[in-house]
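Quick setup: one chain, the form predicted on its own, written in structure tokens, and binding and motion questions come after.
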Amino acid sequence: MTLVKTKYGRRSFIKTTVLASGGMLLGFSWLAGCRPSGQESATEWPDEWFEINGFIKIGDNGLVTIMSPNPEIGQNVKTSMPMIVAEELDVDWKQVVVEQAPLNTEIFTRQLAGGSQSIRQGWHSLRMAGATARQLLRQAAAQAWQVPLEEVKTQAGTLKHTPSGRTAGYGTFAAAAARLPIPEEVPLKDPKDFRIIGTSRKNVDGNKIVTGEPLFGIDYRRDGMLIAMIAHAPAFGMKLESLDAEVARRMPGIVDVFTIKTFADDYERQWCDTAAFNELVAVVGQTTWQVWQAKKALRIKWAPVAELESSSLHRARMRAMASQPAQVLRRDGNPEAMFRKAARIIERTYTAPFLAHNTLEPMNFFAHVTEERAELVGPTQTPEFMEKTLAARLGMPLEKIDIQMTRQGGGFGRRLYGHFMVEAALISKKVQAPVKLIYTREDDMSFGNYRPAYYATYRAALDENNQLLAFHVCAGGIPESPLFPNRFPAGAIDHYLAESWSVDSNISIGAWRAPRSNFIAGAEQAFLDELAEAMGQDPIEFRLALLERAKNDPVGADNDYDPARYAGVLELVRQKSDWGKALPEGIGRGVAAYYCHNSYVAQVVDLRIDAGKPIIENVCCAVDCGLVVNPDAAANMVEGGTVDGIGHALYSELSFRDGAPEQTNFDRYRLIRHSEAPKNIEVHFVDSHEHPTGLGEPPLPPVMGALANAIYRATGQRVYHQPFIKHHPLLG
């Protein structure tokens, strides 16, 4: 049994007043108020709810509502986070109702979906929340029954005193528990006693999703609500010169057409305020169709104010930068001397284009702004940050801004940037009515905040016996570098050099699923595969030998990975994939492994080429993300990340001509199709008692390298540039 202090950081549990009806009211620092939703449960809806401030409330019949604080973008935190609370509360999952918590910066911290950190950063706090509530219930029962606390046990929402045979549901003692002082410390369960954590639980919104019940921002409706759309410059480096909206204003259902500035000129933007186009034209009307038609009737002139960049220019600039001295981020030993004495040097360059996020649900947000308050409802990954932006832009105090989160039809980093929320608020304020802003697919794909374009050159020095002497990576991009200088194979090679560069651009970028790792992992793992072949070594054995060195005799002190855990996923994927076993004729097999977002993933891809098309027969995945809270949901995330990585590596590209993206919808921007997804994906988790770590992003980066290596084994030709279909002579 582990005892934990109930205070957590600078915030703590807050025991608040008891409701007039009696009952338990327990507040937890970073979790907000809850409201019943009518979600079906094994228990009838209670007559009285005993509020637990922001996190837990207990019904008079023992039904428990648990709030999920973080935005839900498909990563299943709305199910998994409450599972952690329910485990320590020791309640039957059938007696749990889950609700999305609203934004509340007074008592919440990190209401954010990004970086694969929700479960990892909430692990201790969520456990403590449930354990403290359970302890108060035990104390209340012990006092009422006049028995020692240690004799009062809990099981699935029931309090028990075995010596006297007495039992009671949680609802019986909720009121008494609320009057007790918060204990200084509470016991946590031993993981061997977990009954909910580590078991598969269905998505709490699953039934609503498949039956079409409104859940997403795009579904939101309000009486009197108007529809708004925006028009922005067609190219990066242009701005509004003039607007003629007379025809559009006269069209049926149109309320107004006007210009807005998303951010004031003197506003110091937060990181999440990234937006390439600040001055926009807004069209507001009664229906989506009417507004869409009026938008087409606008006569707008846009003027260039900066260089209009093209993809050919991007490629030339990256090649030029890669040939110049770069910024040294890490140097171990004397790599320059080793390259001078090398018997053989292997050098390869890898590139990847800009990519759009392409969430299934386009950007949208509801806003109703009055003199008294601003109410906003919709899909956002950064509600807490955007609340501050809205307060500054609207000139309102934070307490007058209410942001409610809906389920999101995809995020992948796109909804970290909330300019569309600010736009909705400004439009609502101007027309003095509730408004829902909707982006078309073309609006979103041409607005920016893309995955950057990247370029990396790897070099390895070998001696006359094909032994590795030195390793050099020089990587950059537009407008940022993808390099992580302290990741593997840093720490495993005596003579190691990592250099970085970047090229400025007026094209706006943003976090795209597994930022930077989404390129550098594939490039690194493809190069390691080619290096292993040149050295005459098995690809897995080669990696394991390097990791053994990093474990037993590491080079440098800043290595940011655990070589034992890294090796663990390689060992597991070797076992589960039957690595080394003879393959059917025509099958190419590639392996890759990578560490990011605190987790380790290794993947083996088996594919064949049929009439120039890659047919992926199987992907075997080994994952170390610590203790797995919800196995089925975790496997789903690994599967999704694997398909996403394969699809973008094979097919996706966003190119530019005269500052304008050439792909603005799915007729030209290629995404993976159902028939192109792997026929089978196996997911195996390392049995671990480490605290949970990231999972939404780690499966994506390495599969790009495993795919490249499998293509080589199947075709005999390496692939160095994404999208692979476009750049491999035998594919397409």
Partner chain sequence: MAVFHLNVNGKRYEVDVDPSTPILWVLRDHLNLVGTKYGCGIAQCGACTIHLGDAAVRSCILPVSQVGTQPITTIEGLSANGDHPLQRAWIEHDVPQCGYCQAGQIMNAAALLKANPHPTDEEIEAAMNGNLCRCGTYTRIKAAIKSVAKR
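In this text the structure is predicted, and so the values were computed from the model without any measurement. Numbering follows the first chain given and starts at 1.
Only in words, not in the display: the form predicted in complex with the partner chain, which the text now covers.
Heavy atoms within 4.5 Å of the partner chain in the model of the complex map, among the stretches 673 to 681, 56 to 64, 703 to 711, 686 to 694, onto 673 to 681 alone. Taking the partner from elsewhere, Q575 is found to have every heavy atom lying beyond 4.5 Å of the partner chain in the model of the complex. In the model of the complex, E639 approaches the partner chain with a heavy atom inside 4.5 Å.
Interface residue remark: V147 is not counted as part of the site for the partner chain in the model of the complex, having no heavy atom within 4.5 Å.
Contact check for K202: a non-hydrogen atom falls within 4.5 Å of the partner chain in the model of the complex. With the partner omitted here, the residue from I209, I345, M396, I609 that has a non-hydrogen atom within 4.5 angstroms of the partner chain in the model of the complex is I209. Contact with the partner chain in the model of the complex, judged by any heavy atom within 4.5 Å, is made by just one of R441, R179, K551, K153: R441.
Contact annotation for 272 to 289: residues with any non-hydrogen atom within 4.5 angstroms of the partner chain in the model of the complex are T287, T288, W289, listed in sequence order.
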